[in-house]
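Listed next as structure tokens is one chain, alone, in the form predicted on its own.
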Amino acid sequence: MKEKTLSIIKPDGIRANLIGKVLSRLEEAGLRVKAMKMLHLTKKEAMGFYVVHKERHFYESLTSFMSEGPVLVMVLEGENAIQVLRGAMGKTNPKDADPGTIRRDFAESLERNIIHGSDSQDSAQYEIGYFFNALEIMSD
């Protein structure tokens, strides 16, 4: 099933100059970029984006991290895009991620793990709408 998902190269990935390497991995996995923009999230914007984690112990540090530098947000499309993206990213903790995944190869820690990806169709729909309007997303 062809679907869209959202991915973010986090501040640690931008700082490490990994945009090209991450995009190459995503394209090699069969995903196509349909929209992209670089932003520097405010703390409030990061808190709004990660509101689903508001009650979690890591919410404060996550939102601080996500607002400490620029991020690259993008809409990706492909067959089973959510599953494909999650597979290319690897597990959240890079120590547990499979070799050859983005997080295993580039991430430094559980929180500073280079990349975000929607985990379901519902979250993809919410997350895409958080950053993009319909005119900004390319169609075939």
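None of the values given here were measured: they were computed from a predicted structure. For every residue, the number given is its place in the sequence shown, counted from 1.
Absent from the display: the form predicted in complex with a small molecule. The rest refers to it.
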- request: Look up in the predicted complex whether residue 42 has a non-hydrogen atom within 4.5 angstroms of the small molecule, and give yes or no.
  value: no
Touches the small molecule in the predicted complex: residue 11 (any heavy atom, 4.5 Å) = no
Proximity of residue 107 to the small molecule in the predicted complex, heavy atoms at 4.5 Å: no
Looking at the partner-bound form in the predicted complex, is residue 62 within 4.5 Å of the small molecule by any heavy atom?
yes
Check: Within 4.5 Å of the small molecule in the predicted complex, do 86, 89 and 115 each have at least one heavy atom?
Finding: yes
